[in-house]
Each structure stands twice: as C-alpha cells, then as structure tokens.
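One chain is shown next in structure tokens, namely the form predicted alone.
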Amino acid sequence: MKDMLLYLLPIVILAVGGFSLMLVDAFQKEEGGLAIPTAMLHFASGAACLALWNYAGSPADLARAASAFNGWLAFDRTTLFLDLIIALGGGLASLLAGSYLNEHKLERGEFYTLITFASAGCMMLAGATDLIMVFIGLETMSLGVYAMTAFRRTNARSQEGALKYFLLGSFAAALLLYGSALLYGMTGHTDLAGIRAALAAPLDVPGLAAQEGGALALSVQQTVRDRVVILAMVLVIAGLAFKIGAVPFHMWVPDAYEGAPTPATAYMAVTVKAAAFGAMLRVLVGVFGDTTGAASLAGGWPGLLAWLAVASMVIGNLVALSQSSIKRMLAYSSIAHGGYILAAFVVTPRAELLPGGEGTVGQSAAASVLFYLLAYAVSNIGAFGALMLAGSRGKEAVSYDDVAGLGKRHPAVALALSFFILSLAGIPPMVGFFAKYNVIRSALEANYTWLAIALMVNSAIGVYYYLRVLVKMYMHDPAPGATRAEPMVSPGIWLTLIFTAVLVLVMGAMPQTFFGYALEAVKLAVAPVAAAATP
C-alpha cells in the first residue's frame, strides 16, 4: 500500500501546496511573493511524474494500485504523461503571472491558490477511470478556472467572459452528469471497466427468455438499452467537447480568453485542454472502443468526432482570419488546434499493426494526441508569454495595430513572439510542425485520406493569420497618434520564454524520441481495443 500511495504523489503535492498557499496568503502582510513557490510546487509535481515514470511497475502492479483506490484513478504512463503536461503548464503560467499581475496591479494571493487547486483537479480528471471521479475532477478544475477568468474584478470584459464560461460550463457539466447517470442506469456501474464489460455482454433477464414472447421482449429491451447508451455517449461527448472548446460548444472560448488575465488564458489553453482530452481518451477508447458499432466510423463516436474535428478546424480558422485582437485570434486558433487533435481521436479505435511492428494504428494516433498536447503546451505558453512581455501597463499588446513596428523598436521581443507564432503555425523545424505531421500521418495510415486533406488545408489557412502578426511587427509602422505597445521589464518572463524556446527546439530536433515516449505511454491504454470497421 505504501508503494501504491506513491502514485498519488503528483496530486498530493498540489493539494497540500494549495492549502499551504492559502494559509500563507491569509497571514502575510503584503500581497505578492507567491509566484515562485507556486511554480516550484508544480515543478515538484512534474518531477514526481518523471520519477514515477521510471518507477512504474508491471501492469499487474498498476492494476493493484488502481484497485486499492476502488478503481477511481488510473496509475499508468498515460496519466503520468498528461500530469507532466499539466504540471509544466501550471508552473510556467505561475511564473508568467508573477510578473504580469504585479505589472498590472492585479497581484493577489488567491490567484496562486486557484491555479494550484485547478491543476490538482486537472490531474484527477486526466487519470479518472470512474465517471464519479471524472465529474469531481472536472468541477475542481472548472471552479478554479472560472474564478481566474473573472480575476480582473473591475473589467467588464473579464466579468462577461467569466459569466459566459460559468453558465455554459454548468450546462455542459449537467450534460455530462446526465449521460453518466444513463450509463449507470443501463449497466449498474460507474467505473469505466465495469461499464465496458456490461455493454459488451448481451442483455440477460433471468427467466424472461423461457416465457411466452420472452425472446421478443428481450430483443426490445436490448434495443432500448442500445439506444439509451447511444444517447448517454452523445451527452458525455458533449460535456467533454465543451471543455476543449470544440465547435459547436466553443461559444465561451473567445470571450473567456480575451477577458481573463493573460496568464490565466495561457493556463486554460494548455492544462484544461490536456485534462479534458485525457478524460475523453479514457472514456471513449476505454468504454466505447469496440466493434459493436460504437467505434465504427459510419455509426459510432469516431464519425461524430470527425464532424466535430472538421467543424472546429474550419470555423476556428476562418473566424480567426477576421479578428483584430491577437488574444481573440489565439482563442479561435485554439479551437482549430482542438480540431486537429480530435482528428487523431477518430483513428484511435483502429488496431491494425503498423509496418515495422512498433504498435497499432490506434496506438500511433493516441500517441499523436499526447505528443500534440505537449507540443501545443510549450508553444502556447511561449506565445502568450511573449505577448505579455510585449506590453506594459496601459500599453498592452492586444490588437494587431498595437504591435505595429515592434520589430524595429524592440527586436528581441518581436523575435520571441515570432518564434512561438511560427511554432503554432507549424513551420519546421519547430515542434508544432511535427505535431501536425503525426496527426496527418495517423489519418493516412488509417486510410482516412479525406481527413488528412482537411488537416493540411486548414493548417495552410492557419499560417495566414499567424503570419499577419509578423507582417504587422516587421512591415508596418504604427498609425500616427495610435497607442504603441511598450514591453515590460521582466527577467521572470524572459527566463520562461528561454526555457520554452529550448523545449520547442529540442522537441523539434528529436521528434521521434518524444513521440516514442508518447507511444510508450499509450500502449497499455489502447492495447485492449479491437480492430474497428474499415472506412
């Protein structure tokens, strides 16, 4: 039991740290000074994930660890990989917040408590193997993020974004809860393994088949159960799709991203997505990843996700083209990136062996999801960090016009922003290129050529609005009398940008190494999935 408790260490560090930060904030005389301790808590949690990655035992050991906690949490490398992304995103966002909040006179200790508890909720959601734990993790994460969105109390945009996020988030949570209740009613289980086993077994009512007309009644009950399960699956997908900002559940994204303090926006874009995609991977592949129709492209959840993926890519990219605010552009691009990741989900049920024997098509697609989340995390944190650095109090870099001429006036800041924008656009040798490449390759391996074409076309559209930022910085001068963004002086942000830039370059230089880690993380999670119907 002592060894099994070690697997809870990443969550425990954040939970205990959150309470400690709360006490420190209550008794300290002056605001501030909590950014570095909060970042250290997240980095310690990430270090625990790395240590546990090497410590992780056999599948039997991990199964015993999960059973010790009633099967509510998974103790495997998929969880550790996602937890590492969450810890990295939370730690870097905390470092960014220390400079940003102080510069804009928003420094209050509760921000760091909120981000720490939200990260603990993200980890619970990413590792949840029970629908009850999915809901607990979701709400723990969401409450902290709602409050961070509304952190600028006197700002109307902040309050509007938080209110929309809260109301729509509550509605989405209700959909998820209702879908979970239907699954419990049909199977008698809330744990994912129990639900999967119950759905795989034919419906059996003792004594009914022997009665007159019993076979017909049993067939009708089986049909009713199948229809209710389909409804439950759709509701669960809708609840999780809201958290990743997929179309048509994206209405909250631009207002929340624009209204929130920029460190909170960076945090939402990285950690909330990682946790929600992790939960979606476990629920869809772990419960509905079978050959009974639920995992077929024609009539199952892959077909539904394919529509969500294409809609998110197209609408996210097209609306981003018309934005005048850089933060809103990044919000819509976040919707498009969610669509790219969803495209990989479409392929995850496929179990044909890859040439070379390094796994299955489904495992490669699931690894593409994890690799994309890691690449997007470091690129996005860097992009938002550079955007924060570009503007000081009263002279923030919000719109395209704000950064006009920045390349001439402050070349180092412009270079930093350009670097991460190019990674998000998918320009080699940045890691963003290889993240998209792996998703496109997964679609081609599964013979979903149309999906690969949609990915490539939308990626090309995305390059246009990303390059608009560079054009404004290097090829335009500010309009006469217009407000010019003036960079803040912040060694903390510069250190964060240097660290993320190194990760972007290292991952771009060795993509197969990091993709190999992602593939190793998902092999056990995706291995039980049988081959799905061919397209």
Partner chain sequence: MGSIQLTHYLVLSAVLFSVGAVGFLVRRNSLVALMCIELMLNAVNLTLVAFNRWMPANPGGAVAHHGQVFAFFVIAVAAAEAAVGLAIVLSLYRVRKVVRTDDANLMKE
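Bear in mind the structure is a predicted one, so any value in this text is a computation, not a measurement. Residue numbers count along the first chain shown, from 1.
Same protein, other form: the form predicted in complex with the partner chain, not shown, and the subject of what follows.
Judged by heavy atoms within 4.5 Å of the partner chain in the predicted complex, the contact stretch among the candidates 403-411, 277-285, 322-330, 438-446 is 322-330. Note on contacts: among M186, L304, L73, A454, the single residue with a heavy atom within 4.5 Å of the partner chain in the predicted complex is M186. With the partner removed from view, the residue among F117, F419, Y146, F433 that has a non-hydrogen atom within 4.5 Å of the partner chain in the predicted complex turns out to be Y146. Although the partner is absent here, E160 sits close enough that one of its heavy atoms falls within 4.5 Å of the partner chain in the predicted complex.
Put simply, L182 is close to the partner chain in the predicted complex: some heavy atom of it is within 4.5 Å.
Heavy atoms of W450 never reach within 4.5 Å of the partner chain in the predicted complex, leaving it off the interface.
Within this chain, T190 lines the site of the partner chain in the predicted complex, having a heavy atom no more than 4.5 Å away.
Residues from 233-260 that approach the partner chain in the predicted complex with a non-hydrogen atom closer than or equal to 4.5 Å are D255, E258, G259, in the order they occur in the chain.
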